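Encoded as structure tokens, the following chain is the form predicted on its own, with no partner shown.
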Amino acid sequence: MTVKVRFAPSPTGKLHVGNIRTALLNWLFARAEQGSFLLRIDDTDLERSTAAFEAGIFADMQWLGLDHDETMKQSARFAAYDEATQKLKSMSLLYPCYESPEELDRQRKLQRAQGKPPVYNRASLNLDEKEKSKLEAEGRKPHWRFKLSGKVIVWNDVIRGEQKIDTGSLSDPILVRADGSYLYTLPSVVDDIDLSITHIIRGEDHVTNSATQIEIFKALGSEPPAMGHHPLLIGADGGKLSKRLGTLSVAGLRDEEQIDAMAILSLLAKIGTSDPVEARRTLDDLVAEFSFAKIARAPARFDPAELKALNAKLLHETPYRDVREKLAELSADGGEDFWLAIRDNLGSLADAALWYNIIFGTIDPVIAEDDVDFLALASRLLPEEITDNSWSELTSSLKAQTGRKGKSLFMPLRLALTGQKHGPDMGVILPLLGADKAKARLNI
């Protein structure tokens, strides 16, 4: 069997880290098994789906390097869903229901008050044709529910192990709304059948839904794919991450936070697994280390601080040739010597622009009144030609002539020359500044 998986985002918003973790697990599994990865655009919600969000999905996936072997859009397949709907109706497995949302809500409240589970009571199954006609004459349009078997559905989940769901404890799911539009459940099954999906890998919030879909697969005459449900992401504090996912979009991490794609992928591939959370430089490294057996049952903690730490580590190891174009886009390409001087002090690539301005632009030197004479002396001691040894020679001379040492010796020089309390080694910064610029900053 050739493995074929799918990632199925809806173009109703931006991709966030929760989406990407599911996409990544599918992609890694497909590549590890020399299989196929399908990108399916779930755009049956025609009112909320937009071309801009769809374009954003493709752009984010390309930037992350999660290439797809095939793509399709659900909006082009309504005929297939209509055919499946008619088949289920002909088998009396899809039946019309006329209750309003308010009536269903009252029914659930009453069941809870009686200590019963709030499961749909199947009252519409008892309606005869005359009663249905009367309701429709009143202007009611039916929504359509799939009749569950009431049996226990069992499958061997590739992540969670054996799963058992009693469909007798579930409400018959609505597959078609009163306006004729489809909910997620039926189109997804039809697509998985027609496109020969072998494995469905998604979040554990779909476990119960999977039992329903397994029955629909069988009703349509197909064996369901293998299934795997991974734990969801939580915050670093153990709280829910769902409310904050909107601020953790791929576009935001890329464009605003300047986080490297491999930092995002490394973190999402390793959190919640038995592997240590470490940065990897390529997707091939992640593929080689991938296994469903490594995924723990506990929720995976997503910590933005950990993401930034991984991003910084990757930057510190990145050669100039790999970052030159990105530096140019930031107007911060100061050459290889500049990059090697600053990279160990960067938290994100955006920080390079700060140091580019410090070295090649203009700054306001920070000079305390008590340090004016000390810095003027430093200016006089600087040679006209700055070498790699000039910093150590300068500080040695200043120490001998003024008696200063430690922070009182080094900090006034750093503040005057860079305007920053922290930063790269001044021994490599000084030659980049040059004698004229350094003297001018020391003499303000």
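In this text the structure is predicted, and so the values were computed from the model without any measurement. The first residue of the sequence shown is number 1, and the count goes up from there.
Note that the form predicted in complex with glutamic acid (GLU) isn't included here; everything after this is about it.
Problem - The single option of Y120, W144, F338, Y184 touching glutamic acid (GLU) in the model of the complex, heavy atom within 4.5 Å - result: Going through each option in turn, the one that passes is Y184.
Practice task
Go through R280, R160, H206, K270 and name the one with a heavy atom inside 4.5 Å of glutamic acid (GLU) in the model of the complex.
Solution key: Going through each option in turn, the one that passes is H206.
Problem - Touches glutamic acid (GLU) in the model of the complex: R202 (any heavy atom, 4.5 Å) - result: Residue-level check for R202: yes, a contact with glutamic acid (GLU).
Exercise for the section: Verify the contact flag for E54: yes if a non-hydrogen atom of it lies within 4.5 Å of a non-hydrogen atom of glutamic acid (GLU) in the model of the complex, no if not. Expected result: E54: no, not in contact with glutamic acid (GLU) in the model of the complex.
Handout entry: Exercise: D42 in contact with glutamic acid (GLU) in the model of the complex, heavy atom 4.5 Å
Key = Yes, D42 is a contact residue.
Exercise for the section: Mark V3 yes when one of its heavy atoms lies within 4.5 Å of a heavy atom of glutamic acid (GLU) in the model of the complex, and no otherwise. Expected result: Looking in the model of the complex, residue contacts with glutamic acid (GLU) do not include V3, since no heavy atom lies within 4.5 Å.
Practice task
Please determine, with the chain shown alone, which of 184-192, 318-326, 127-135, 76-84 has non-hydrogen atoms within 4.5 Å of glutamic acid (GLU) in the model of the complex.
Solution key: Heavy atoms within 4.5 Å of glutamic acid (GLU) in the model of the complex occur in 184-192.
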